[in-house]
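There is one chain below, alone, in structure tokens, taken in the form predicted on its own.
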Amino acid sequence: MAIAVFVIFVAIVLIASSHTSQRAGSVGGYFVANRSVHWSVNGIAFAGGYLSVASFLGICGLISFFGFDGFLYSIGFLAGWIVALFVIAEPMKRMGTFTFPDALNRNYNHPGIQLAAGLSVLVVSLFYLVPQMVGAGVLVEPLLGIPHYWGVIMVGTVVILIVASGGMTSTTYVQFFNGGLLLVFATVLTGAVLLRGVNTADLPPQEGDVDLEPYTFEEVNVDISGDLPKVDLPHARIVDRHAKIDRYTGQETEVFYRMSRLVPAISDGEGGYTAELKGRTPHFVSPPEEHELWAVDYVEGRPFLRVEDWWRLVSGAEDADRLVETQFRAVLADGRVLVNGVPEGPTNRLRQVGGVAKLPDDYGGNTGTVGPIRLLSVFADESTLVNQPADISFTTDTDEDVTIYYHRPTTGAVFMRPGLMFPVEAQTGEPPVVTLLNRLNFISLMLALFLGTSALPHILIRYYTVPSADDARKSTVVGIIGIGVFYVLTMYLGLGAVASGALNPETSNMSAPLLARSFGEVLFAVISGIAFTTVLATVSGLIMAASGAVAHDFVGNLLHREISDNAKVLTGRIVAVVIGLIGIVLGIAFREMNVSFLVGWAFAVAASANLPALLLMLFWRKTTAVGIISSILVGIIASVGLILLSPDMWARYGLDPASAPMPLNQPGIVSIPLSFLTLVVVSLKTRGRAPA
């Protein structure tokens, strides 16, 4: 079913692209759809292009993992449209011809502006392209059962065909198709969440498989008073220990024990065995007896799997200390991968996590059908206990790279207020400077989201597809309505995912599709297909923006001569292929990172490089061409440079994030004011050359 729906969606998109490709022969048809798009269609296309995979997959995932903090992305993404509506929409339509650099250069006729703005469009488009490709691979992997990189390659290929053949016309209708479907089915899925309500005992079957029922992670008592911990479990012993140390207090905040234990196994008579392990039944071949991690032992003539897995210590104030079962993935020194103690395979993979462990006493463990306000109040109640996903990674003494996935019980009052993802309050023992940096990082993100929307190239070019400035304003209003409705729904989709236990412990990006799967394969197939068209819609817009920048703004200025319209269209199509290929490579490289987090970087680069030049060009008469060029280049260099020096990138280099030269992950609070300041200072120094 899922594959059939996926194929239908892709076929519709390609047929629409083929049908509209005949209108893309001229330069106006290829780059701006001949300025013939109706404002209502353009408004929904705004929503379809803007509601990227970061909105659909990323925000829903962040809400399900971090509660209210994830919803702050929705607030920031929507608030940015205030600037677009009241400041940018009509002037952009009046001043532009084909591209964003056209608008900046209208009063100056300076080739340097075209080149600098074109470079900015390319950089921002690539930064925004990466999370869309990451999301594409995350989607296609469970949908079609193929590796992540093949999903990225598939999406890149389809988008290249769309843009290279149909240009802006096909891009517009792909975005219109996607925007309408997103709004309709997000509403349907939200309604299903409210009808189901919250149940602490009867979670839906996982992954659409009726044979894979919900699993309650086992708990055992442990005595840690002696030199060697003793567990209340036959034939079990503790063989390793790992503790998470608070960097400020030096105290152990989380303690994990590796336990060697016996699990009943069943022989298939041919050297293979099956054993129930954390609610799954993997099939495996017994390794040599000297293998240290897992083997089949016979006790009183019955086969048992000797497995080593990790358990989390829960210290009881009144009760005995307990070990709570966790999940883990281990990469051995020889490259083999174990999941929960035995080799990874189709029947042995990580289970979904999440769920609500406790509800207020009034509900007796089941809310039944709830209204939208009631669901929020249930989650925000101090008596509610949410199983928040958490993980920890480390390397053992035997060179195993281990990642443990577990639940961190979190009260609803904490889950539904800021602080889980953006720690703006001081922690115990935390130096004041760290608290300040955390707050600055949050302000920096919100500043980038608020100011970056109206500076995104694939959003700006939509203003050139309508006939008039009035149509540009009306299409913006339609886009804001659709986008606002969707962002409100993301809260219910994220909470519905955690309440349904429909979270992939390795990535938050799959929360919305897995929520849909908890209602059945049909809805999962439709939602996954829509998410795929979301990727197509956004990526096609980004590649169109980059294609226009190179073909229209770069080539003529670099060659110092005017080129024909046919040559511009051909160049645009070639660039679409090249940018698509670059996006494929980067999408594979950044697989593990949350797509909304990556999009935050794209917004920061756009707000730093594009917005200062655009705003001051419109509203400050002393703005000069040299000032615009300087501002764009400083914005690009500062924002990209600070991102490359940030703690998150430092970790990707394999270095200690605490030693990163840039203490903030979000550069906007530095790069945006710096870009504004550069434009003002340089324009004042060169104002004698400003046009009348």
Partner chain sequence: MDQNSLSTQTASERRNSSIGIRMTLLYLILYGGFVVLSVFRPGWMGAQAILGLNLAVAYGLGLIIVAVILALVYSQLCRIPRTGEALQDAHTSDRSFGEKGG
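Numbering follows the first chain given and starts at 1. These figures come from a predicted structure and were not determined experimentally.
Here the subject shifts to the form predicted in complex with its partner chain, a form of this protein not shown in this document.
Visitor: Evaluate residue 268 for contact with its partner chain in the model of the complex, applying a 4.5 angstroms cut-off between non-hydrogen atoms, and reply yes or no.
Guide: No - in the model of the complex, heavy atoms of residue 268 and its partner chain never come within 4.5 Å of each other.
Visitor: Considering non-hydrogen atoms and a 4.5 Å limit, does its partner chain approach residue 86 in the model of the complex?
Guide: It does: once its partner chain is placed as it appears in the model of the complex, residue 86 has a heavy atom within 4.5 Å of it.
Visitor: Is residue 322 near its partner chain? Define near as a heavy atom within 4.5 Å, in the model of the complex.
Guide: Taking the distances in the model of the complex, the answer for residue 322 is no, it never comes within 4.5 Å of its partner chain.
Visitor: Is it the case that residue 464, even though its partner is missing from this view, gets within 4.5 Å of its partner chain in the model of the complex, heavy atoms only?
Guide: No.
Visitor: With its partner chain left out of view, choose which of 177, 442, 405, 310 has a non-hydrogen atom within 4.5 angstroms of it in the model of the complex.
Guide: In short, 442.
Visitor: May I ask you to choose, among 484, 520, 343, 111, the residue with a heavy atom within 4.5 Å of its partner chain in the model of the complex?
Guide: It is 484.
Visitor: Have a look at 418-426, 353-361, 227-235, 504-512 and name the one stretch with heavy atoms inside 4.5 Å of its partner chain in the model of the complex.
Guide: Heavy atoms within 4.5 Å of its partner chain in the model of the complex occur in 418-426.
Visitor: Between 364-394 and its partner chain in the model of the complex, list the residues on our side with a heavy atom within 4.5 Å.
Guide: The stretch touches the partner through 373, 376, 377, 380.
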